[in-house]
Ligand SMILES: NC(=O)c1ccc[n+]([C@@H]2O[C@H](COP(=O)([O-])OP(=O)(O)OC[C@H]3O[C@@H](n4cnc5c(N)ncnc54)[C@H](OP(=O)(O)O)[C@@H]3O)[C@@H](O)[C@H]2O)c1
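The data below hold one chain only, encoded as structure tokens and taken in the form predicted alone.
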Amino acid sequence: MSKTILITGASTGIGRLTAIYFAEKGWNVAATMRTTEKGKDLLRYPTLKVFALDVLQESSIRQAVHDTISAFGGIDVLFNNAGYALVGAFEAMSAEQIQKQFDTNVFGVMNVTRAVLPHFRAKRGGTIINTTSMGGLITFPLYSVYHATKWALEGFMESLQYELRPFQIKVKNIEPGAIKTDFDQAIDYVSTPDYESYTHTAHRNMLDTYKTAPTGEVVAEKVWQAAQDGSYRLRYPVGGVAPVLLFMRWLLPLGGFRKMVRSQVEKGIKM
């Protein structure tokens, strides 16, 4: 019997590529997104269905979970992928922007996870996979609020795995570095004239890392590995520099690591 994965944020980027990857492997795929029109072309895959799901609306989440179970008979893997990045000078960010960042990247994941857990508990098994980030364990300039959400998600999932293990429910975090998808085009950048001499150059240097980054297919492959390996392994770094940077953060004292980051991100900035 084919297994089933439910993916949030499947209209673009990593979510879309993962939906295609699993469908081509013969899995049942519930590709969920806020606007289902964006997923019409995905229906060319016979084992893939598109459902509306807004991670901030619990009624929408419940309906998508119900529709997925009705269509495929159950859910084996939940892939919490929906998210975006608010980037720039913290002082320039409004309370509404910060709330939206946490709502999407943290509370949205919690909402969908909570909706799927009763099904996983009843079947005594299931896997929760999350797109976190290497930025859930290390930090870079301008990403303070984004990092706060990803660190929160890493801590939440690291703790959650303990209480779910008695039900044979696995928790796994995919931790990409820079990945060449349309994610970099969806970054919400904010600044003010007082910060612009720093933020403009630092932001440009960060975006430059996407030019030589691997494509989103490497993340889809890593999600496949996490879904298939049968282990209780928690963290899966992926992308050209992510494993190296995470190792360097473990190896170096904080001051040394911070100096290394500044040497790259602050190139061209006069202090």
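Just so you know, these numbers come straight off a predicted model, no measurement behind them. Numbers follow the displayed sequence, beginning with 1.
Keep in mind that the form predicted in complex with the named molecule is missing from the display, and what follows is about it.
Engineer: May I ask whether V29, G74 and T127 each come within 4.5 Å of the named molecule in the predicted complex, counting any non-hydrogen atom?
Structural biologist: The answer is no: none of the three residues contacts the partner (heavy atom, 4.5 Å cut-off).
Engineer: In terms of non-hydrogen atoms within 4.5 angstroms, which of the given stretches 229-237, 39-47, 53-61, 198-206 touches the named molecule in the predicted complex?
Structural biologist: Contact criterion met by 53-61 only.
Engineer: Is I179 close enough to the named molecule in the predicted complex to count, meaning some heavy atom within 4.5 Å?
Structural biologist: Yes, I179 sits close enough to the named molecule in the predicted complex that at least one of its heavy atoms falls within 4.5 Å.
Engineer: Applying a 4.5 Å heavy atom distance criterion, does F120 contact the named molecule in the predicted complex?
Structural biologist: Close contact is absent here: in the predicted complex, F120 is far from the named molecule, nothing within 4.5 Å, heavy atoms only.
Engineer: Report whether the minimum heavy atom distance between I138 and the named molecule in the predicted complex is within 4.5 Å.
Structural biologist: Residue-level check for I138: no, no contact with the named molecule.
Engineer: Can Y210 be called a contact residue for the named molecule in the predicted complex at 4.5 Å between heavy atoms?
Structural biologist: Y210: contacts the named molecule in the predicted complex.
Engineer: Using a 4.5 Å cut-off on any heavy atom, which residues of 65-82 would contact the named molecule in the predicted complex?
Structural biologist: Residues within 4.5 Å: N81, A82.
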